[in-house]
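Following this are structure 1 and structure 2, which are two forms of one protein chain, each written alone as structure tokens.
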Structure 1
């Protein structure tokens, strides 16, 4: 086949297929040849639309980050906005866990990532936090959100009971996997509460840097 009368590929179709493949089977499964097969095309054809594989993966990351609700920074107190944003971000990452390693390295040059950073940082600055502290708070939130999304804490423990024979306090660790949601969500909620409440206390005491 040479050039078809109707183009088989568009950047949009490629990104959507890549996102679906990454969601369904993980980053490793999303190879150029496999992705092309998924689109009914040969591997190198993708290079007519993207210069590198990294560009495709980046576009998937952009698509995911764009789903985070940053409108909450308009019309809400900074504390409430931060909490709502963090929950939205957390929920989006929970829905697309396989792309998290890409997001964890920062916004890079992705518009949605930069818009999110702008919204978070701007809200903190407008609230009166110093530039340095606003940066720290932004970083801290990213640590908590991507840290929790990167890998389930509960599933990080092998389900083999014998593994824990030598560790008296861990003798029930093999049950963690069964309570995955409660463990992981509970930890995230606790972290969010602790961080925002204690930041709020400092703020109310006038400590803003």
Structure 2
């Protein structure tokens, strides 16, 4: 009986497998050996497509960023565009939290990351912000979006109520984990509102430099 043909190994298959592995087990789990096992191939065959693990992780980051909706910058006021983009980016990172440390370092040479930066920066410049202020706003937005995705505030407190006996203002901190969505999402929405509303006030006052 003829042996079943093995599926063709492609860059796309490798990146998809790596993305699934990182989502499930984290960045440390994504080794060349483990990837080869997941794909049912010999380790050296991966090097026909990627020279290093770092290149594969970078490709996964590119795949994730490409899911962010940057079409919102076409035809929307800069305020609404920033809000819609931030929510889209936030949702994508929430679905892929393990790749956030890579994305938090910036776009690097990734086309999707650079296209996103171009869309954000271009929209701000077109709206009349100075180049310096547009840079600051882009940085602020990245700090808010990627920073909020790096970890949960609510899960940072231990569930032992006795721990907080010496900290009367934290006497209910042990309950935060049970309300993670409300706490973490509420904080992100508040931060986004405060940031955009403050920028809008400065813009309307003509302070754009």
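These figures come from a predicted structure and were not determined experimentally. The term rigid core refers to the maximal set of C-alpha atoms that superpose within 1.5 Å between the two forms. Positions refer to the first chain, counted from 1.
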(request) Determine, for this pair of isolated chain forms, which one is the form predicted alone. (result) 2
(message) For a quick test of reading the superposition: does residue 182 move by 2 Å or more at the CA between structures 1 and 2, rigid core aligned?
(response) no
(request) Indicate whether residue 45 shows a C-alpha shift of 2 Å or more between structures 1 and 2, with the rigid core used for the fit. (result) yes
(request) With both forms fitted on the core, give yes or no for whether the Cα of residue 161 moves by 2 angstroms or more between structures 1 and 2. (result) yes
